[in-house]
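Only one chain comes next, encoded as structure tokens, the form predicted on its own.
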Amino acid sequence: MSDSTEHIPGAENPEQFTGLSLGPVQKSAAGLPAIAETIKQVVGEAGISRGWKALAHLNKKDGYDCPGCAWPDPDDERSALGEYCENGAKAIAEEATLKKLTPEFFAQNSVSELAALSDYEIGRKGRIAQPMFLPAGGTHYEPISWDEAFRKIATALNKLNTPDEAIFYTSGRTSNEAAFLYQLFVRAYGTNNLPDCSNMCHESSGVALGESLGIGKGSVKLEDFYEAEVIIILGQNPGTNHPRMLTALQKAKANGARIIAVNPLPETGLMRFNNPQQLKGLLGVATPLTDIFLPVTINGDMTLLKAIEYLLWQYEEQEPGRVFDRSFIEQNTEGYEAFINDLQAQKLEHLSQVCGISVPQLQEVAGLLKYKTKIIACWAMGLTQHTNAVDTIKEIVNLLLLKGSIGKAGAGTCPVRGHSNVQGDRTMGIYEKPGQPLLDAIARNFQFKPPQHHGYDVVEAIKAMFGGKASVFIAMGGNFLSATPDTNYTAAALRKCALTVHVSTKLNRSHLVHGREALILPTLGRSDKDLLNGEEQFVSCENSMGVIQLSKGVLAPVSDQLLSEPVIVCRLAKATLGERSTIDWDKYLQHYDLIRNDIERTIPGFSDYNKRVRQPGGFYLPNCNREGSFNTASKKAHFNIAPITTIQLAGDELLMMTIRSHDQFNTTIYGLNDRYRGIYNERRVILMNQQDMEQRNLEAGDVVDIYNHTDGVERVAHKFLVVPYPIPVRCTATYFPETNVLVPVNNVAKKSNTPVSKAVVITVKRSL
């Protein structure tokens, strides 16, 4: 890396406005606008023939799994019109694009010039068509052969003082087969440094559910939604982040379910739904979804849940045995008496004040739940990215345990995963804290002893790179820099590495903020045909509800220089481990069935893997909660007691949460419009309550800088436009990754170590 600052690329999006336009907030989600946007994106990127072929096989039983969210496909019949949503189609448009980045493109565009573009502009350039290398001191990526690329990585890894100086990151779209091989290679190399995107999203869910219920996954199936009496949705915006969930909610409503939405913002997708696959939806006749909307203050969710439980306890005192499921509690739980004693000490008025929901509203919710037992609780990162996230999710469990709402049809836990195979990656062993049964199975099946000590999670990995304890960073997918907290700190950490390597389909900002040397290894996407030894291969994924299903691409790859992730891992392992490896990597290069055979004998729940994964729709993994049992030490579910914590704000301070626009998925920006919130052609915005604006003499469209001063460090995000929005007083919202620079690397959830991106203390000042 050059000593001159002239060529050091920027870590953040350029501080430039694209032309804010505010319109009315849409009253319902999907409908004809979603269809129009889908056609525009897919045809524009892939053309009519290629685009139609991609959509026709998306999420079909003999097709490929969407690279977007992990919402499950129906077990029975799937829509002939299209088993996908608008954002899924946008993801496929990005992947199926005919635009590709050749050596000529990189020769004409320096790293610094590309970094001056926005994330949206970078992502629209096209698919990476061949391996690229950035030499030390270089300003432009150069083409490199696959053999030479693997040799460079192997050399860098083998000259480290210890394997723990290398970090191996994984994104949530990596297939089961690639993830299994990746963790196997990393452990054979000698480390458990396997941070992944779970560390930044649902790690809090896994910890909370594992400790309280004995399994770190949700317990419901899609069919449970159709039997539920009440569905509670907390900290989640399904209309943008999991749009196919709206169809399930519509069907649940038709079957009599009531829906409670808990969110600081009144999200369109939670309110009304125009199903684009129904005539009424096309005609604009929307289905109302939410029955009770609770505009909770940021981080007020646990207090809200306690208030509801307090009221239910009062009802139970009046009608013993009619409100709580005493039989379930006695047979299946422990800690009930202590929990109730703590609950009795609460003050309803105080709980109401802290969460921002009035007592009459709380009474309405408790009244609805009073005699109901078929209750599903859904949540996403609005709950998981807080300091008290683990305890908040355990409070959800408390509520469900009181009602006996786990282990029965129409009831249970539903953490809605944000990426298509993030749950599968963890099942395959992508985890920095592996359990002893997995390590023992690896030792038994592959004749080497894997490392026993814990590795780095995401936050620990960033700190290790920054502190010089790790110097090689390899990412299997994802956009690490843009996904992580404290952008400038993370960028400095990556720049201290000797080598950074990214296995990717498209260009992103993480390729432009690099180590002394850098490699980009282009891989096949989900929609691409995967030919190995002349035979088409398929991979498999696990969705949010524990279904393992095959995924088989159908499109001709845009370049003959692309390799699949399983092949990349095998060749990297061969180059790095050489003759000291006890694993037959060449075997896996013959056929993916041979990978699945070894998964079957290593990972529980995968018996007859190759046979069952070929069944239409795949198969369910075992789930103790779904079967009415709890794999805790006592074999019982645990009630949890947690103190109410509040975030103290100084006079001019506000609380900020990061959110997605409707035109993005995770760090991938599809466009500049957020039509469900009435925000067009701009991402550098801060949503503020009108009262907070008036106190600061701000008006719509004013330009402000946003500051965070945690740990005495000044972090600033320059030039954001103020947008008035119905959000609780002293609460604000901004899009990520533009404001990740404000998220302190040291502000993490207790136990899960997840960055706290949903409760950042800020001040705003007019931009000079």
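Every value quoted in this text rests on a predicted model; they were computed, and no experiment measured them. The first residue of the sequence shown is number 1, and the count goes up from there.
The form predicted together with a small molecule is left out here; the points below concern that form.
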Quick check on Thr247: any heavy atom within 4.5 Å of the small molecule in the predicted complex? no
Applying a 4.5 Å heavy atom distance criterion, does Ser752 contact the small molecule in the predicted complex? no
In the predicted complex, does Phe665 have a heavy atom within 4.5 Å of the small molecule? yes
Can you check whether Gln385 is within 4.5 Å of the small molecule in the predicted complex, heavy atom basis? yes
Partner-free chain; cross-checking the small molecule in the predicted complex, the single residue of Arg626, His242, Arg187, His514 with a heavy atom within 4.5 Å is His242
Would you mind picking the one in Ser219, Gln236, Gln423, Gln549 that has a heavy atom within 4.5 Å of the small molecule in the predicted complex? Gln236
Location of the small molecule contact in the predicted complex, chosen stretch of 437-445, 250-258, 332-340, 290-298 [non-hydrogen atom, 4.5 Å]: 290-298
The small molecule is absent from this chain, but in the predicted complex, do Cys201, Thr505 and Glu565 each have a non-hydrogen atom within 4.5 Å of it? yes
